[in-house]
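First, one chain by itself: the form predicted alone, in structure tokens.
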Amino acid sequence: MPGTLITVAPTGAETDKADVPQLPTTLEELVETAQRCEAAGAALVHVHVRDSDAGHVPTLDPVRLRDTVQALREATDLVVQLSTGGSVHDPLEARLTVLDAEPDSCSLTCGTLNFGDDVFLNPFPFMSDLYVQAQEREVVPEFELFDLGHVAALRRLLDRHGLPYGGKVHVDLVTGVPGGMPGTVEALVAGVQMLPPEVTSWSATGIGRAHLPVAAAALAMGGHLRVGMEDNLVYARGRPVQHNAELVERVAGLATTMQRPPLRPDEARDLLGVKERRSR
């Protein structure tokens, strides 16, 4: 069986820094986190950017996005993936500008869904525009699937626009978001069974308490993993996560036990069809 792509999502847009001081929100904290997570077995970092001068709130400021991509490229070999979801409150047109920062990869959520008490808006015309722009800019999308209807929308995107840049189709099945598919093994199996044949690799994310069972099921089924404080703030009952590297180390050990050791960043680039943008 293949090795395991471990993605770390260190920050997200939902948790307040004031509530979780160990959440990496400054550029320095994000770079340090990325370095430790790479050493622990991560090959890809999924990035939400915060404005540390304005209360550590989520931002799509183009300068901060570009500076973050550049800093992560200089300090690590990780595949750098920017979120085009931003915050659920960000306007669609601002989310398209994320590609201006020239990341290696970008997230592309394949449909609108209830997201807790909010609505995460992803109408098909926006998805289509984002997909075409990613093709034109040679950025590899990761298709985020929060529900089974999103799998059908992925099929529609592929039928209309063909394969992404690089020719690979990588998806992430996100389970456990209130409003999306539940964080259960049964839901994960249903999603994987529906994937179109063009899909060349898939990861799974379990939100909160779904973190470990979904990771174990994904490994057993030949999938890859996403972990991080964006998705889970509790390491074990009564023990908060202190650093994203803890979550990476745990699933790296699990993957190694399953004889699917973590992929290196260069192996992840081959898996995903990522363009080489590093100058070194």
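Predicted model, so just to flag it, every value in this text is computed and none were measured. One-based numbering along the sequence shown.
There is another form of the same protein, the form predicted in complex with (5S)-5-amino-3-OXO-hexanoic acid (KMH); it is not shown, and what comes next is about it.
No atom of (5S)-5-amino-3-OXO-hexanoic acid (KMH) lies within 2.4 Å of a backbone or C-beta atom here once its pose in the predicted bound form is superimposed on the site C-alphas of this chain, so the site counts as open. Between 132-140, 157-165, 86-94, 183-191, the stretch whose residues reach within 4.5 angstroms of (5S)-5-amino-3-OXO-hexanoic acid (KMH) in the predicted bound form through a non-hydrogen atom is 86-94. In the predicted bound form, (5S)-5-amino-3-OXO-hexanoic acid (KMH) lies farther than 4.5 Å from every heavy atom of Arg50.
Taking the partner from elsewhere, His46 is found to have a heavy atom lying within 4.5 Å of (5S)-5-amino-3-OXO-hexanoic acid (KMH) in the predicted bound form. Residue contact with (5S)-5-amino-3-OXO-hexanoic acid (KMH) in the predicted bound form: Leu271 places no heavy atom within 4.5 Å of it. Contact annotation: Glu38 falls outside 4.5 Å of (5S)-5-amino-3-OXO-hexanoic acid (KMH) in the predicted bound form, judged by heavy atom distances. Along 109-132, residues Thr109, Phe115, Phe120 each place a heavy atom within 4.5 Å of (5S)-5-amino-3-OXO-hexanoic acid (KMH) in the predicted bound form.
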